[in-house]
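Next up is one chain by itself, shown in structure tokens, the form predicted on its own.
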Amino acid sequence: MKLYDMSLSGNCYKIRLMLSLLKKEYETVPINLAKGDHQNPSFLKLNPRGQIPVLEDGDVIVWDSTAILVYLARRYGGDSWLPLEAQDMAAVMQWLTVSQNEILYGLARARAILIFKRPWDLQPCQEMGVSILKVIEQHLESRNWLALDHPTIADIACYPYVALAPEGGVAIDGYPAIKKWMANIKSLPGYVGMVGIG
């Protein structure tokens, strides 16, 4: 199994974390975005969108972090990480949507502006980030995990850019329920961190 990866990417970290939690061995193929590795013809054959992460599992190639999480959960995680029962699956999918909307366009973009000098408007991204943190905080006040009564790929999808929010100028000190949830994730067997996250 190969993961086309960049160490500072929160989306790539989602996959490294999931693979570690599933105890799956894999080879890392570093992709240097600054040098344009993602636009090389060989990489574009794997992902015509020119984005990371990409997972190569034998003859199966999956791109997009959410799609890779779904693939790994269903292929290697049994029914725990992504249940097949309709209501439980929908509960997970709701938070996958949050990870690809408010968290992406809020927290992740704010970080990308400050860390990678991306040309977006910082204040609206930070405001969207704060707005979704309030929603997550309220939701977690009465529960340990986002979707169900155990960890799912919903938690893995949302975790990195919430944990990295301070790198986008969004403080998370005032969110005790989120802090507890982050500690729950860090206590999972097989947990690995990344730069910016313990």
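Model, not experiment: these values are computed from the prediction. Counting begins at 1, following the sequence as shown.
Beyond what is shown, the protein has a form predicted in complex with another copy of the chain; the following relates to that form.
- Though another copy of the chain is absent from this view, in the predicted bound form it lies within 4.5 Å of a heavy atom of just one residue from Pro48, Gly36, Pro166, Pro30, which is Pro48.
- Using a 4.5 angstroms threshold between heavy atoms, Val60 counts as touching another copy of the chain in the predicted bound form.
- Under a 4.5 angstroms non-hydrogen atom cutoff, another copy of the chain in the predicted bound form has Thr66 among its neighbouring residues.
- For Ser80, no non-hydrogen atom is located within 4.5 Å of another copy of the chain in the predicted bound form, even though that partner is not displayed.
- When another copy of the chain is considered in the predicted bound form, Arg111 lies well away from it, no heavy atom lying within 4.5 Å.
- Look at 132-140, 154-162, 167-175, 22-30: in the predicted bound form, residues with non-hydrogen atoms within 4.5 angstroms of another copy of the chain sit in 132-140.
- No residues of 171-193 lie near another copy of the chain in the predicted bound form, the criterion being any heavy atom within 4.5 Å.
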